[in-house]
Structure formats: C-alpha cells, structure tokens
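Only one chain is included here, represented as structure tokens and corresponding to the form predicted on its own.
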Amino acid sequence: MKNEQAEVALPLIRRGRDQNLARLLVMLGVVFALMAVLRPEQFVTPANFGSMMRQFPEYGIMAIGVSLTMITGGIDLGVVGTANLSAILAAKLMFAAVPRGAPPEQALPYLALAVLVALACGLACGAFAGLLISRFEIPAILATLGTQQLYTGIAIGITNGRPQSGLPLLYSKIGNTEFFGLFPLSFLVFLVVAVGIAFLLSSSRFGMYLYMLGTNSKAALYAGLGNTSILIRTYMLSGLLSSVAGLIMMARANSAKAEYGAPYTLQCVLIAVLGGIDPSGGFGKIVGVTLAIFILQFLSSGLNMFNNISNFYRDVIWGGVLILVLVFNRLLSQRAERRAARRGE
C-alpha cells in the first residue's frame, strides 16, 4: 500500500521543468567570461583550473549533503564540525598505528582502517543529528547548530586546539594523486558523489521519499513512509559525505584541525539555495547544485586575482549573494503563485 501511494505521488512531485537550471547555465557562462576577460593571463590557465579542481571538492561534497537535508525540509549546519572531527579521529589513529618511515605495505592497512573510522564517525554524527530532529522534534537548524558546536568542542578537546600535522606521507601521496597529470583524485571523488547522489534522487525509491517528505511531511506520514527512518538515513548520508570532505581536507592540508573550513557552512547553504534547492523542502536537483559550485569557485578564484579586494570581504560577498538569491527566488515564487491563482479563476 505504501509503495503504491508513493508511486502515485511521484509524478506530482517531479512535475514541471527546473527553470533554474537555465539561469544557472547563463550565470556560469557570464561569470566565466567576465573573469576570463578581466584576468585572461591568470584565470584561463591549466594551473588555475588544476588549482580550482583541488579546492572545491571538499566544500562541494558538503554542499551536496546539505542539499539532501534541505530537500527534506530541514538543514544540516553541522557538516564542518563533522568533517573536522572525522579527520581528527583518522589522524589520531594514523599517528598511533603507523610508525614514522614505515614502508607502504605496512602503512596501507592502517590508513584504510583510519579512513573507515572517519566514515563511521560521519555516519554516527549524522545519525545523532537525525535522531534529535526526528525523535525529539527539535528544529533542524537548532539541532545541527548544537551538533556543530558539540563536534567542534570534542575535536578541540581531543587536540587541545592544535593542528594534527605530520601525517604519513603515503596518505598525502594517495590523497593528492593526479590522473593524466590534470585531474586530482579529490575532483574525481566529487564527480562520483555528485553522479551517485543525483541518481539516488532521480531513480531510487529513497530519493522519491525524500521529495515526498519535503513536499508534505504529514501526507508522507499518513502514506506510511516512516518519516523518522527517512530523516535519520538522510542525515547519516549527509554526515558520511562530510567525513569524505574531511578526509579530502586532511590530505590537501596534510593535517587536521578543529577550525578548518569554518567559512564552508555559509558557502554550502549558499550553494544549495543558488543551485535551486527549495529551503522549504520538496524541490531541487544535484545538477543545479553542481553548477552553483562551479559558479562560486569561478567567482572565488577570480576575486583572488584582484589584489585590491581583501579576503575579509569574502563573507560579505557570500552573505549578500545569498540574500539576493533568496529574495529573487521568493519574487519568482510569488509571481508563479499569482499566475496560478489567475488560471484558477
């Protein structure tokens, strides 16, 4: 009965074309062309493209996790805390288990175990947040703000606020591998995550349930979908993606620290909203989120090439863009509602 009701509801959830994708493509082209014209000798270079492919996967993967939770009508503001805690636990295990100068065949099993510990930590952190939201009915924004502070506090307590540096060289070597001398491993991991999550949302029953839950949680409950289970699994998936991002950050910086990636929380929310994820839930596609990631990275890299623009203004720019996108999307929504009302008359 549950599956039949879900199948009937699916066309209603996915009806219509995401017109935001066309706007994102135009915006992507405009930002790229603008930066290419203003700084052609710096922006349009293989070195700059390689640098960008190494920079955005860590926050791009976290943004995909945040997007999943927003589709359900919630949000995950604890992604950075989860990423750093996962990386720190992995680093601690590496320091304890891998002797300095150990040969690769001796170090590799312990590195694999450290990665598994980090992924398990991400799942546990996500499950805890999902439990607070689904079982105790704490608003997602408050629950994940709390978990962000909790995980960051635990990470600081474990490390006394000091960076965990000097990781085994094999981990950094693997984490910074480049294929064909151009594509970093982190970029390929991002592509796999983006394609996998896009397929999950578009072609799986679980993805359909996420949209149904975000569209109308009460209707989903009456349809027997099991809202609690869906929410916990969604936040576990977000936590898992955060731990992957933490491992990428650790490889790129060759260290782990509780305060790494502090600005990423705002960027992840901005990317999700810019990419067409409805903050109220029930709508959005990973392809839009991916385009938003590229737009933000092009913009960020281009701004870095202007010496008269201070990095201290970066949060001002991101916050302003987020507000503008929210206002713009709200105006479009009101316009669509008025059109629908007129047709109803």
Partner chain sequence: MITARRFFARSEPWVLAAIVILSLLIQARSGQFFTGNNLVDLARAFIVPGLLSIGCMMVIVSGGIDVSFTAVAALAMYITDKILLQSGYEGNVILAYAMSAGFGLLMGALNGFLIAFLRLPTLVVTLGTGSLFTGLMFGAFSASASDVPPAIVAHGKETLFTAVNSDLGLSSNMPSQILILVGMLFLAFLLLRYTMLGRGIYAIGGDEAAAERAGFNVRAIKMFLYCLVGVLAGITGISRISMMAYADPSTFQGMELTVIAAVVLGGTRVTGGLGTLTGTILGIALMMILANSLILIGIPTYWSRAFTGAVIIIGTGVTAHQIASTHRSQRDLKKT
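Note that the structure is a prediction, hence the values are computed from the model and not measured. Residue numbers count along the first chain shown, from 1.
There is another form of the same protein, the form predicted together with the partner chain; it is not shown, and what comes next is about it.
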Contact test in the predicted complex: Ser186 vs the partner chain, heavy atoms, 4.5 Å: no
Quick check on Leu150: any heavy atom within 4.5 Å of the partner chain in the predicted complex?
yes
I'd like to know whether Leu116 contacts the partner chain in the predicted complex, with contact meaning heavy atoms within 4.5 angstroms.
no
May I ask you to check whether Leu142 falls inside a 4.5 Å heavy atom distance of the partner chain in the predicted complex? yes
For the partner chain in the predicted complex, the stretch among 118-126, 163-171, 235-243, 258-266 with residues bearing a heavy atom within 4.5 Å is 258-266
Kindly indicate whether Ala33, Gly175 and Phe179 are, all three, within 4.5 angstroms of the partner chain in the predicted complex, using heavy atoms. no
Note: exactly one of Leu108, Ile156, Ala102, Ala97 sits with a heavy atom within 4.5 Å of the partner chain in the predicted complex, namely Ile156
Answer key: of Ile75, Leu231, Met249, Ala90, within 4.5 Å of the partner chain in the predicted complex (heavy atoms) is Ile75
Near the partner chain in the predicted complex, with a heavy atom at 4.5 Å or closer, the residues from 102-122 are none
